[in-house]
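Listed next as structure tokens is one chain, alone, in the form predicted alone.
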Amino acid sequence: MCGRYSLRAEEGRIMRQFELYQTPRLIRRYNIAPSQSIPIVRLTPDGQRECVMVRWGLLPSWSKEPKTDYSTINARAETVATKPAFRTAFRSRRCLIPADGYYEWAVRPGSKTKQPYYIGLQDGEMFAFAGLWERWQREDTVIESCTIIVTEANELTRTIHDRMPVILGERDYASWLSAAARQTELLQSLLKPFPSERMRAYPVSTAVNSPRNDSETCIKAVDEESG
């Protein structure tokens, strides 16, 4: 799964990479957690890209109550097209979720605690998770929310966890967002593990375990024994 990530890129960099005219006011984030407001890139009705803030944890439009739980922060690539909570959004409300790294926890041999790892691209550059967004509305209350799609882990990350978020290459951004790209086969072909040779992973402090900690300390490498 993907339950924490970071986004430290400046607004200008986000605008260039995702071909945006503007973005919401953003600050550097080192430990983004579920239920928080996060930026996503999606298409407007006239086909333009926009960046908006939504809640992480998808709230289906048919939900009776304006609440969700951690089970909808991620959608499995294998069932995203058919699972009731996600299938409508998969057909018509896909989005890109800017990030520059994410966290995963590995079991420590002989220990009850887990070792957190920070995982990202070899060059440290920003990338995009494949995501879905949804709009829930009852009378005057509107809640927009999103989920990150996850798939099987690649060779690098499976030593830490058996799942990883779907990371899209820049050349796939348009296909993923396009309102015309409704073919399940085409979309499913994008939901694959990112190449191991283009990624890196290293142990970090257990400070990241608490969402209250949101500083550069979260991404600093540590020895596994001292994490």
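Since we're looking at a predicted model, the values are computed, not measured. So that there is no doubt, residue numbering starts at 1 and follows the sequence shown.
One more form of this protein should be noted, the form predicted in complex with the DNA, which is absent from this view; the next part is about it.
Subject >> Contacting member of Leu96, Ile119, Ala89, Ile73, with respect to the DNA in the predicted complex [4.5 Å, heavy atom] >> reply: The residue from Leu96, Ile119, Ala89, Ile73 that makes the contact is Ile73.
Original post:
Out of Thr184, Ser178, Ser196, Gln36, which one falls within 4.5 Å of the DNA in the predicted complex, going by heavy atoms?
Top reply: By the 4.5 Å criterion, the partner-contacting residue is Gln36.
**OP:** Given the DNA in the predicted complex, answer whether the residues Arg4, Lys114 and Arg163 all have a heavy atom inside 4.5 Å of it.
**Re:** Checked in the predicted complex: all three residues contact the DNA.
**OP:** Answer yes if any heavy atom of Thr79 is within 4.5 Å of a heavy atom of the DNA in the predicted complex; otherwise answer no.
**Re:** Contact with the DNA, yes.
Subject >> Interface membership of Pro211, the DNA in the predicted complex, 4.5 Å heavy atom rule >> reply: Within the cut-off, so yes.
Original post:
Trp105: heavy atom within 4.5 Å of the DNA in the predicted complex?
Top reply: Yes - in the predicted complex, heavy atoms of Trp105 and the DNA come within 4.5 Å of each other.
**OP:** Determine whether any heavy atom of Pro84 comes within 4.5 Å of a heavy atom of the DNA in the predicted complex, and answer yes or no.
**Re:** Contact with the DNA, yes.
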